[in-house]
Structures are given as C-alpha cells and as structure tokens.
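Before any questions on how it binds or moves, here is one chain, the form predicted alone, in structure tokens.
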C-alpha cells in the first residue's frame, strides 16, 4: 500500500504544479506583427493595410491603381476573436484571420493561434481551404458543405461558427450588404451524450456487482461501438494534461467528456476500475484479439513474476513523464501517445501506426498488454481504485487452492505465506473470473474492510 501512496503523492505534486503554473503565468498578448502577417496571407494581392479600426474591428486592404494613381480598397481582413470572442474551441479561443473582397466573398482564412491538441489538427490546412469563395448566401454547415477535421468536430464547428458570425457582421455593418441570415448557431446540448454514457456505466457496474459475464460483454461491445466508433471519445492522458493546462472545454461543447470523467471517478471510488474492465473500447479490442489467438495455441506466454511486477510500473512512469513534458511545453501534444488515438482516428502518422501494430501484436500474446503495462489512464484509475468503497473480498472458506491466482488474466492476485489470495485492486479490471471460478465461494463483493485486499 505504501508504494501506491507514494505514486499518488507524486502524481498530485506534478499535476498541481502544472495547474498552478498555468494558472498564475501571465497571458501572452497577440503580437500585432502576427496579425499583419496573417492579413497578407488571407489577402496576398493587397499592397498596404490600414490600422485596425471600426466597429466591428477590421483592417482595410489596399492596392495601388496605376490608372487613377490612387490606392483602391480591395478587401477587408478581420479577426474572429475581435468580433465573436464568445465562440471558443474544444480547449479555448481559436484566433482566425479572415480575408474577404469588397463584394462579400471569402478569399481565405488563416489560423493564427489555437490551444487545441496539435495531434488532432493534422488536416487543418485542408479544412480551412474549404472556406474559399463562400459568400453571404452560402451555408456554413459542418457535415454538409464543410467537412470537419477528423476527430475534432467541436473545433471544426467552433471555427465555422466564428467565421460565419464575424463574416456576416462585417458584411452587414462595414460593406453594408443585405444579410438575410445572421443567426448565430449556438452549440446545442445533445441529451444522448449524457443519458447513453450513464446507461452504459449502470450496465457495466451491474455486471461487476452481479458477477454477470453476459452484462460485461454487452457493456464492452456498447463501449466499443458508442465511445470508440461513433464518438471517438475515450479517457486519455491528453484530457488530464489539458485540465492541468487550463484548456477545459465548455460543458455544452463536450458533455460526453465531462460525463465520462465524472462517471469513471464515481465508479472507481465505489467499485474500482469499472471503466477499464467493462467499458474501455481499446481494452475490449485487446481482449477479443487475445481470445482469438488463444484458440490456436496450446501454450500461454507468461512473464516471470519479477518482470511482470516491475513492468507494471511503466504506466506510472509514462503518466509522470507525459504530464511533466506537457506542462513544460504548454501543450498536450506529448501526451498523444496512446494507440487507441490511432486506431479510432482516420489520419495518423507512420510512427503512430507502427506503435499501434506493435501493441496489438503484443496483445495477442499477453492479455490486455497496453492496459496492464503501459496505459496511463489505467495507472490513474488504479490509484483511485485503492480507496474504493467496495472490493472483491475473501472469507474464511478459502482453502488455498490457488485457482484464483492462476485464472486472473492481469496477474492482480498474489498469495500470502498461508497461500491465501491477496487481490491487488490497482491492477484488477473486475472481470470477476476469480469469483466465478472459486469452488469454495470464498471470494465475494463486499465493503472495503479486509486485510486480504490492498
């Protein structure tokens, strides 16, 4: 127990240090030079720009006319955060420079700065190119005439709404064009992103409490489909790093993330690693791969006890290092190391795909290889599960047959000097195989007051 207290203290120190550093550090003001450079990008034909003036704020773009020997106004450039500052992305404001001609047609948009996770913004240029030639009569609809950035729908919608609102405000008030649709489409709260995760966690929790394998597989399948394939949203160390970096999305922008964090925390404190064992899409995928390959081999691959125990600390090292580097750099990109980000993402790097392949191959030989040895979220839920209210307990019926130890897929059970099992709750994924296979009914769910669990 002492070693896990130390690990918990280290995590708290690192996280709070990063949190307060980002809370207290002075905000960097946007460099005026960057704005002018952005103006030249969105209106490259312009030879001169005015100072930022007017209501709404904007730059006027001029080009010298050889015939009249005067500068002609050829367009306007404006910053979305000057006109629609209330619209933010997943992790904070996104500063977009928009260039339009005097007829009210967008020439180009350029992202000056953002606080989104860099690894999610791999197709940013392709996304922004879609705004070229849109005018005041165009529809700004993500999923219809504008394709979202893969795995960054919230960001895509925020950029689109900010550009549309700012563009139409400038067109109406500065160019005096007739705007028939100036509606600011606010992000509506999808109740399904709250109700469905709650239902899923209830099923997963009942599977643990009732020791029902059927319910467990229903929860795992539903988690894979809903969180993995449909929503592409799983708990990630990126989320933890972003919280420490104060890059916290509004509830309406990411209700599913808030619910996922809250429900995982509650179920961890009540029963242990419900999310990891009964819901996590990538955990379920690894389990299926292991079961399939296990059918075709007669001998299991088992690490020695010493190697297994020491290897399990790698996930804690990963947590600490990724958070430290993320806090130092001021962004969560170093935390984008989890293979499920690659698996459920359409765009990825060769390195990411290679790492995913290695993890999946290893998972065919070792049960939930990523979860057991490397997963940073698994490390954090493991620390939280140490203080769970209910745990798998041991009564006096145990005869020391060692069946539970042999059947435990994550090697979370060890034997004391009397050959009685000690359940390492931080490594237990609540598959309940030990309870099912115990012929003496010595293992059961009960309140956490037993020295044989730790």
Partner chain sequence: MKKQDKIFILFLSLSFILISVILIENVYITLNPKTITLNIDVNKIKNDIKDAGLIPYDAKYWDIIKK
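Predicted model, so just to flag it, every value in this text is computed and none were measured. Positions refer to the first chain, counted from 1. We call the rigid core the largest set of C-alpha positions that still match within 1.5 Å between the two forms.
Omitted from view is the form predicted in complex with the partner chain, to which the following refers.
Item to check | Listed residue (221, 177, 321, 261) with a non-hydrogen atom within 4.5 angstroms of the partner chain in the model of the complex | outcome: If I apply the 4.5 Å criterion carefully, the residue I get is 321.
Next on the checklist: Under a 4.5 angstroms heavy atom criterion, identify the one residue in 102, 270, 230, 302 near the partner chain in the model of the complex.
Outcome noted: When the partner chain is considered in the model of the complex, the option within 4.5 Å is 302.
Checklist entry - With the partner removed from view, which of 140 to 148, 248 to 256, 274 to 282, 366 to 374 is the stretch that lies within 4.5 Å of the partner chain in the model of the complex, judged by heavy atom distances? => result Contact criterion met by 366 to 374 only.
Checklist entry - So in the model of the complex, are 130, 152 and 286 all sitting within 4.5 Å of the partner chain, heavy atoms only? => result Spot residues vs the partner chain: no contact at all.
Checklist entry - Quick one: does residue 358 come within 4.5 Å of the partner chain in the model of the complex, counting heavy atoms only? => result Within the cut-off, so yes.
Item to check | in the model of the complex, residue 41 touching the partner chain (heavy atom, 4.5 Å) | outcome: Yes, residue 41 lies within 4.5 Å of the partner chain in the model of the complex.
Checklist entry - Is there a non-hydrogen atom of residue 349 within 4.5 angstroms of a non-hydrogen atom of the partner chain in the model of the complex? => result Output for residue 349 is yes: heavy atoms within 4.5 Å of the partner chain.
Checklist entry - Does at least one non-hydrogen atom of residue 416 fall within 4.5 angstroms of the partner chain in the model of the complex? => result Taking the distances in the model of the complex, the answer for residue 416 is no, it never comes within 4.5 Å of the partner chain.
Item to check | Stretch 55 to 79: residues contacting the partner chain in the model of the complex, 4.5 Å heavy atom cut-off | outcome: Residue within 4.5 Å: 63, and no other.
Checklist entry - With both forms fit on the core, has residue 46 moved 2 Å or more by CA between the shown form and the other one? => result The answer is yes; the displacement is at least 2 Å.
Next on the checklist: If I superpose the two forms on their rigid core, does the C-alpha of residue 236 end up displaced by 2 Å or more between the shown form and the other one?
Outcome noted: Stays below the 2 Å threshold, so no.
Item to check | Did residue 108 shift 2 Å or more between the shown form and the other one, C-alpha, core superposed | outcome: Shift at residue 108: 2 Å or more after core fit.
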